[in-house]
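A single chain comes next, written as structure tokens; it is the form predicted alone.
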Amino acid sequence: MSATHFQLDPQGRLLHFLTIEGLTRRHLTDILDTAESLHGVAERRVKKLPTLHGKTVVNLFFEASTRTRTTFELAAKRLSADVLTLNIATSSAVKGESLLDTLRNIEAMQCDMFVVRHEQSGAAEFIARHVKPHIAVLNAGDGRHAHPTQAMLDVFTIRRHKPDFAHLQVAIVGDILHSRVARSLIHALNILGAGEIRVVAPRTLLPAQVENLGVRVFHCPDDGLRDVDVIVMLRLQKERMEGALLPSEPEFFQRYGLTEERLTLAKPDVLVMHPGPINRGVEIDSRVADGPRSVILEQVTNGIAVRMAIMSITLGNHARPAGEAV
């Protein structure tokens, strides 16, 4: 059984959130609508809802992260969950304990959700297949495979500015080959019926047969950015690169970096996005990143509401076995 079907119950409800691929427009719209209803929580005097009161969420991060980890923590706390963030660098896993042993020990603490980030593709699905039935697993990024909550906060940000996806032209620029963000975002945009998805990158940073994902390929940024509604710049995934795929960072910026001059090729109301962290002067000029068309900080803010939505939906579809302690 694939991860796509494994994350759904027989009624098609989300039990885990492991990948965008294979989900329906209804699934994505439900998340987006729920996130919209939660977006105003941060503006309240008391920034909390009782939705997950009595639930325990464990952040299980085997890979370094600041933005994703902290927004998941805030999302869980704003839903009144108890939150445990496991420091893998000092955990028993470093001392040789297996991943399954680590999971079993955390399960014994009566937790309800694992938020998993791991450098290996498929790690979140592996964990979801081995946890107790009442535990929900959310994928916070696994290797080059998927980053589904990032994709959802990206499309949520787009929808708040440009709700008609059918007429959108979106350009995703940079290191497509190593980017789990790009893969998940492409799937989400296709499911939501985006008019055209472009990928703009040198040949060395494109997966083989990338056209099969439903995108148009451009090697020249001037062509790829022309008349687009949204530009998503990707971070160079230097930690995942095998071999010298680029001559130098300055040359990449010269050929593919988003400058004010290149920005004029897009539509006047274009949105500029980046999943972060930004490499200024490598993928994007600071004047563009901090400029009036940038919604990069909005993405961070929106990530809290979107992750709140996904947590409430998935945990709402789980039930503990009768008689099990809560």
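None of the values given here were measured: they were computed from a predicted structure. A residue's number is simply how far along the shown sequence it sits, counting from 1.
Separately, the form predicted in complex with N-carbamoyl-L-aspartate (NCD) exists; it is not shown, and the next lines address it.
Note on the interface: of 177-185, 213-221, 128-136, 251-259, the segment with non-hydrogen atoms within 4.5 angstroms of N-carbamoyl-L-aspartate (NCD) in the predicted complex is 177-185. In terms of contact with N-carbamoyl-L-aspartate (NCD) in the predicted complex, the residue from Arg67, Arg280, Arg26, Arg287 that brings a heavy atom within 4.5 Å is Arg67.
The partner is absent here, but in the predicted complex a heavy atom of Arg235, alone among Arg226, Lys77, Arg159, Arg235, sits within 4.5 Å of N-carbamoyl-L-aspartate (NCD). Put simply, His118 is far from N-carbamoyl-L-aspartate (NCD) in the predicted complex: not one heavy atom of it is within 4.5 Å. Contact between His145 and N-carbamoyl-L-aspartate (NCD) in the predicted complex is not found at the 4.5 Å heavy atom cutoff. In the predicted complex, the residues of 271-297 lying within 4.5 Å of N-carbamoyl-L-aspartate (NCD) by at least one heavy atom are, in order, Pro275, Gly276, Pro277.
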